[in-house]
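Next up is one chain by itself, shown in structure tokens, the form predicted on its own.
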């Protein structure tokens, strides 16, 4: 099945056109600076030259129009007719407690997505715009929503509840939801393949480390805990997010600095984390260079980042009651030798023994643990778009089978 995968942000749309039969992208790209006269579409078709188009793209509908145009282009396209697009899979950040899996998007589903906007005000509105734009230009094509939160939907109450009055959970659904679910699920399944063991029999910790980052503890195929919480702000220190924080700091700083809720939210989400501590960069590559150059604040940021991951790994081994594999993925997880080394150093007593020489030579999938390590240490490139495409195919086929019965 040929599926268009869309990841719609407030001013951008990332896309891949995937053939699920071969599990490969026939084309991929993104539209940036939506709403501006200098918007940019970057399009990379398989086995063809990458192109860049600059133009006025004022909204998501026009952006999708551009995407479809390049997919159909005689010179740069990969299809001859829109009918070759058999389904559209949408990344949707927040499904709340309403969706424990991917779903065919209907009017009822759209209403629920709107109700969940207050849980993800920065993400769900853009995801909804992307769905509406795709429905407008591909009106007879099945649309499927794949949720970042759904993989974590089976967490036990003791993992997802907070120590606040229970009535606040009942009234406002304040709980741990977790994110990056498609990535955690994909690399955990790949880990089982690498180990040659059934996914449902393994204890796995997955570390998705990029500009945003989270860990998940996966027991017998079920996410039993994850570091992100009610929002993606909780957990690890990230590129611009603070991660775990004493709640009293928020009211204290608001009082001292005279900040309102919006300003404080921006401080915690956009001006904290690696950039806030280092004053240098939110990019781990630049921070590692600054550390080599002797920058003390960059070293503080790097150490905070890796120490927080190490603490979560230890606590999740305890929660799982053991460990078969620790998986690193995401831009930092896949590419930073220094981060993997810092996280896994001196962890032999918990069953993790990293081979420093192997760790230096990662290029794609690799087990960087020593032969004597009780648990494996795996580096696995993530592919969230493929997960979305495969889920979309499954949902569409289920729908078609239901109609033919």
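Numbering follows the first chain given and starts at 1. What you see is a predicted model, and the numbers here were worked out from it, not measured in a lab.
Unshown form predicted together with ligand ADP; subsequent notes refer to it.
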Practice task
Determine whether any heavy atom of residue 290 comes within 4.5 Å of a heavy atom of ligand ADP in the predicted complex, and answer yes or no.
Solution key: no
Exercise for the section: Would you check, heavy atoms only and a 4.5 Å threshold, whether residue 84 touches ligand ADP in the predicted complex? Expected result: no
Problem - is_contact(residue 183, ligand ADP) in the predicted complex, heavy atom dist at most 4.5 Å - result: no
Exercise for the section: Check whether residue 284 has any heavy atom within 4.5 Å of a heavy atom of ligand ADP in the predicted complex, and answer yes or no. Expected result: yes
Exercise for the section: Work out which of the listed stretches, 242-250, 142-150, 223-231, 324-332, brings a heavy atom within 4.5 angstroms of ligand ADP in the predicted complex. Expected result: 324-332
Handout entry: Partner-contacting position among 219, 211, 315, 73 - heavy atom within 4.5 Å of ligand ADP in the predicted complex
Key = 211
